[in-house]
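Shown here is one chain on its own, the form predicted on its own, set out as structure tokens.
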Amino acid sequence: MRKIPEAKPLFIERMKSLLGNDFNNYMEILKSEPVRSIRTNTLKITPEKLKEKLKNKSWIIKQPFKEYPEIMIVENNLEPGELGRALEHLLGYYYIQELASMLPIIALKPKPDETILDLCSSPGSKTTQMASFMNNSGTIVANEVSLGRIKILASNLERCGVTNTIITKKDGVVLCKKLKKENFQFDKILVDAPCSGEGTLRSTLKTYLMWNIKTVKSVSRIQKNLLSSALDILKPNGELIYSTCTHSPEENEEVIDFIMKKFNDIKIEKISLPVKSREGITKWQDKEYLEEIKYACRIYPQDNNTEGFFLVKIKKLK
């Protein structure tokens, strides 16, 4: 077991409140190294061929989900940075992506002929996964507000051979308002929102030190604005995935509760995922949320040996 920083008392108190008897299992798994997971870039290679190439390097490959053979876990102890330095990675045959981070696109199910908005897209893990699902056809608008992050996004799209994507540099809310004025609508939208990152403690130890309740509350406001603006440009019958890599209800269920009360033409859809997920919560501290928010999915590290995640699918009614 590796040594991890001490979590802040308020964070511990909140996680105990969320997890109850399961809190110790949660704290225990945080001490273990995250698994090394990669996703085959099917725009360039099949999972079978990639597996063969990696086995030739003496890598032990496990495919945890029968219905998603592109998802792989590398089981041997590699040298630091070896996954990123490998020729197969540089050629764009695979993308290094955490298992839980692959779930939003599995839930969104992008199709080849669709027009899709990825509102907060850098570094491009989910954008490239979308392009694979769409077989490089249809159109993805990948938006990112920071120029530095756009460079990373563009380089990942290029390495993976993605050709169906337009990159835009705008504040997410501003972009949605502009598109709304032009009467432009999308078949599907991903809002993988900026968040406090509580779910990434295993891979990003500095999250322990950076966590504070002020961030949780301030990003909650940003998330509500982003999601509201995105729903304005979703087509009737269109679907939107809202996801975060955090556990805090203020950034998850509270955002969805706010949206459900603001829009009367949307509903929450049930999601089927290849991992164990828990229902969204309907009570937190002194707040009660709408009953249907239980159809949201909470992904905890101790349930699947992954990072922590939250996702919900919203459908716009006619």
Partner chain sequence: MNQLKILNKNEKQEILNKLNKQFGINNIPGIIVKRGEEKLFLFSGNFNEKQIKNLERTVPIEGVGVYFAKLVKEEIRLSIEGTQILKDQINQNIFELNQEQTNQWMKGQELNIKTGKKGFVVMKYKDNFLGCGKASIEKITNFIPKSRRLKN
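Numbering follows the first chain given and starts at 1. Because the structure is a prediction, the values reported are computed rather than measured.
Missing here is the form predicted together with its partner chain; even so, the following discussion is about that form.
Only one of 236-244, 216-224, 179-187, 195-203 lies within 4.5 Å of its partner chain in the model of the complex by heavy atoms, and it is 179-187. Although the partner is absent here, Ile166 lies within 4.5 Å of its partner chain in the model of the complex, judged by heavy atoms. In the model of the complex, Lys261 stays away from its partner chain, with no heavy atom inside 4.5 Å. Not displayed here, its partner chain is kept clear of Lys283 by more than 4.5 Å at the level of heavy atoms in the model of the complex. Put simply, Lys44 is close to its partner chain in the model of the complex: some heavy atom of it is within 4.5 Å.
Of the residues given (Ala107, Ile73, Leu175, Leu83), Leu175 alone sits with a heavy atom within 4.5 Å of its partner chain in the model of the complex. Just one of Ala100, Leu231, Val162, Val191 comes within 4.5 Å of its partner chain in the model of the complex, counting any heavy atom, and that one is Val162. Every residue of the trio Lys49, Leu90 and Val141 has some heavy atom no more than 4.5 Å from its partner chain in the model of the complex.
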